[in-house]
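Just so you know, structure 1 and structure 2 below are the same protein chain in two forms, each on its own as structure tokens.
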Structure 1
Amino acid sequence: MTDQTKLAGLSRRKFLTTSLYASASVAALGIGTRSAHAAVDLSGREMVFASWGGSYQAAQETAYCNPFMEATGATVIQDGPMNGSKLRTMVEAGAPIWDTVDVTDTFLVANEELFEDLDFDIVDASPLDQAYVHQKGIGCIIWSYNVAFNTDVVGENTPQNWADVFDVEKFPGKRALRDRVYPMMEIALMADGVAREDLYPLDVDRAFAKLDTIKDHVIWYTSNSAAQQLFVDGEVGVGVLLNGRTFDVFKKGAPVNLTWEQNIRSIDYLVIPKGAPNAEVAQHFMNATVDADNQALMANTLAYAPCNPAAFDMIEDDVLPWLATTQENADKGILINAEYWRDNLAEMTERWTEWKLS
């Protein structure tokens, strides 16, 4: 799957400051939450960590893998990029080479049979917001789909919600939308006036009818980096973009911004593939990622929201507004219903393709 918000990093200087800051806070906190896994000696053991590559995985290596290696003596080998069909094939063949993998929430709930149960005797998930804890995985970051816009194109009156994105009178020209049935159903329904709390189960016919109204005004994108380019070039004035991707181009100086109104949050989970050769090490690794310091370091590096609320105390002021799980931002949006999509994705994707061809 390619829908990950994997950002280009911040400047090297900032990154170093962040790392120093985090190490300092670790030192200041002393033992604290770290004692749980510091006690485990895993010298000579190893595990393979697979994620989405790029600066995202580099940040995970800094925030999660390195502290874990230091504390336990285990070796973490980096691999990837994560690929749904590759993971599935490895598990089906009974020989996964990955021990911990970063997957999206929709992939996790749709493929639960591919993963080991977490051993909650080893993994202390109690510091986490329990909405982000699953029998087979624990949340590592939270990201969101947002209403995004190019200020050079739309001017002073920026779009406020999905209804604006669908309003071709108010915002003429093309809009960039995600070529995938989720989150487009949710987006279309909110644009049509459905309240956030009434979205599920989705009124699919109504969603497609709403999409019909802007059919010819849309550039459908499948790659998030291509989407960033559409916004940066001003090819589109409004549309949907991931919060991290927007943060990325905003930081680089592009006239691109977002609104949090009606944002759709989604979670990335860390999971252990069934039959993973080093599952036990992986369980200890899971425990280490729960740590507030590690999660704060991750957020400060790449503006991804932590699942451990305690991490917020250590997040920098200019990063905070970009996080999907601050109270303020979370109150304006919804968490995507991964269970709904597990039950309906296959059928709905066929309908989505059919609609596109019509």
Structure 2
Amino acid sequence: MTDQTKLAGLSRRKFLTTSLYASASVAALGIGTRSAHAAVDLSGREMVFASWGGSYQAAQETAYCNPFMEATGATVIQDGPMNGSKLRTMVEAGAPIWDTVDVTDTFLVANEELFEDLDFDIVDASPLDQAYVHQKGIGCIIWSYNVAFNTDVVGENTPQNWADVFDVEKFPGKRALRDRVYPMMEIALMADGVAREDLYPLDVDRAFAKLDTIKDHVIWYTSNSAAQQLFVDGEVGVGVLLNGRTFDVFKKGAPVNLTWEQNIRSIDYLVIPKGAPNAEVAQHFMNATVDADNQALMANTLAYAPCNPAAFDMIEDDVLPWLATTQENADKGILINAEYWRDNLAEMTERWTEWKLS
């Protein structure tokens, strides 16, 4: 039995509301509370939406883009996948082709200069949990990195934590890990016995030493869609996969599941690149994503937790146990420290690249 199967009957209101960026709270921004802004007529106008592809972007198209197009008459063009280097190059060249982009909280906090301020005369952020409102972006989902596994490959003795993922004798074969310095530093340290509450500041040398022990057993992936395929095909038995991506293949019948132990939560934000050609349309799109119905549809499609508390009343019972923000799931994990990565991302990414090539 995996952790999520134990959570049936959990209160819809019993979810974590972690305060992240007090300095960027609505109160600090002077937004206040007000009713949702009405949709405007944007017939004949368009914007380009870039996200992470696969089932995730398809769900966003259904939950956010299609309702926005129906309500306003605007056209939303899908593009991607999101790539941080590509995004920076676009903005620094003064020629972004994306109008709204889905980014992680760590990327947002570390690269605030790349994004337009939100216009809160257009974007009514008052329905959201204010922990997920930033001057440069609107939280759209809360998700987590989880220990995932293919039950056909590993059998009944499934991995329970990151130490098991690093144990090549207990779980022989390849493992799928994210080709990104975060969260691999956190994962390696927890696998080496560091307690969740003692992770930060990260002991980087210890993390790389731990990663050395499994380097030859890893298939590194850069897209979550590719990671899903690795697990579904049984090319890997264990590894890291996002909770929503695991839910997606699980509900489609694949022998893939997860554990919530030592999960690493994060938040995705929708942002507008500085100089975006259709920034005004993008501001109205941001406003539409706040809607509770749309956020509930997103959660029911792919099991990523909403940032609008009202959406929880519309989440299906069989989806709730898969959400990273239920109290039981949140208690087993950590929230990634975006401020740490704001201060260390550039240096750590360089070291990550050097380690990969060594």
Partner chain sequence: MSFKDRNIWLLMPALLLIGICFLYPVSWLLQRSVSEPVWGLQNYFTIFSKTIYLGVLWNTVAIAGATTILCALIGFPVAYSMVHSSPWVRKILIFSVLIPFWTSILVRSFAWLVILQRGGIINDVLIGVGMMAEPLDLVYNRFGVLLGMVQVLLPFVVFPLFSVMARIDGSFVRAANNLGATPIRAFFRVYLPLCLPGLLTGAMLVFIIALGYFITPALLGGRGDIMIAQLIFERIDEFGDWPLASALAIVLLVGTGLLFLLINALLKIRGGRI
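Start at 1 and count along the sequence of structure 1; that gives the residue numbers used here. On a predicted model such as this, the values are computed, not experimentally measured, just so you know.
- Remark: structure 1 matches the stated condition (the form predicted together with its partner chain).
- Each of Asn308 and Thr222 is a member of a different rigid part in the two-part motion between the two structures.
- Two rigid parts account for the change between the two structures, and C-alpha superpositions put the rotation of the smaller relative to the larger at 24 degrees.
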